[in-house]
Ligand SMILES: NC(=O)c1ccc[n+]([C@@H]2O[C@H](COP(=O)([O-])OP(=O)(O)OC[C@H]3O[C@@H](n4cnc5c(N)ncnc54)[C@H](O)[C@@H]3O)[C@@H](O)[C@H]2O)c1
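In the form predicted on its own, a lone chain appears below as structure tokens.
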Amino acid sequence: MKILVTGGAGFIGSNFVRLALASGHDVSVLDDLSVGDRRYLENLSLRFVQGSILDEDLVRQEVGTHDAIVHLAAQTGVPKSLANPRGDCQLNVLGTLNMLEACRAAQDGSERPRFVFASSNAPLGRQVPPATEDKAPLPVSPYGASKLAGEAYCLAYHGSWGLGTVALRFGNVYGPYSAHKTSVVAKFLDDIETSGSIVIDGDGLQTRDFIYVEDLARALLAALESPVKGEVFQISAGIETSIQTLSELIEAVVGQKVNSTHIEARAGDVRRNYSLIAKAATMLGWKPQVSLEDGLRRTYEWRLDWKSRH
């Protein structure tokens, strides 16, 4: 397939691009580099276009020449959505709408491009875990609301025009090519390197479902290569892990005692978060393969190598 990856110079994108190329696909990347890092794509055989998903003309031009779209470009955090809800909406809702409209307008070949959308558990919000695809979304942050809107548009474009859309709700992703990230694993490793200590929001007993980025990339590829359309899937490890436990695992990986301090819990954060992934296993033939302990070790080793070279 000729695959267009929006946000392909970012954390998840740069990992997925490597898997797609290794699997024999032709890859183009559309990224405005506001978050991503061009160095993540060094020495890869792909086509790179610097631009925004809010540029309707550019999006339509690029989408029309591809068989499939992996839409990763987004505002990806709860804190930023709280600070700027309008900007979060513009990028996550209108940007996604631009991509879907471009797919709908594409007439080359027998089928319009297949479309895989990166979502999150944030749309479910205050639902009691485990997260499943059949629970009613109850978002508690603007970020959750914007991702819910993206999912809804994907389903609507399948229902109204038959587009081959699939939405994947990612767990907490970690792994290589995350040097620019501020998500919890990356932040803990950054803090340890700079100060030897970490800061934990709240009491540390809040839980998340951590998935290694290579496992996530395989889920994206499975969704692209599957005939399934008009569906939403939970994509995670399916394991509930507290932030306190995560800090202890990271301490073991770095091989040093780590001091921790606690601050007030963040607004908009859910208390517990983990998923059941049976639907993805059944319909996409996908299951995670990398344990949290092994994934943290690989991530730490990558960071050491990356920092030694840059």
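What you see is a predicted model, and the numbers here were worked out from it, not measured in a lab. Numbering starts at 1 and follows the sequence shown.
What comes next is about the form predicted together with the ligand, which is not displayed.
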Decide yes or no: are 63, 151 and 158 jointly within 4.5 Å of the ligand in the model of the complex, with each residue judged by its heavy atoms?
no
Taking the ligand in the model of the complex as the reference, which of 165, 120, 81, 236 has a non-hydrogen atom within 4.5 Å?
120
Ok, 124, 74, 100, 116: which has a heavy atom sitting within 4.5 Å of the ligand in the model of the complex?
74
Residue 256: heavy atom within 4.5 Å of the ligand in the model of the complex?
no
4.5 Å heavy atom contact, residue 52 to the ligand in the model of the complex
yes
Is residue 295 a contact residue for the ligand in the model of the complex, using a 4.5 Å heavy atom cut-off?
no
Even though the partner isn't displayed, in the model of the complex is residue 17 close enough to the ligand, meaning a heavy atom within 4.5 Å?
no
So which stretch, 298-306, 20-28, 285-293, 7-15, is the one near the ligand in the model of the complex (non-hydrogen atoms, 4.5 Å)?
7-15
For the heavy atom contacts within 4.5 Å of the ligand in the model of the complex, list the residues of 160-191 involved, in sequence order.
170, 171, 172, 173, 180, 181
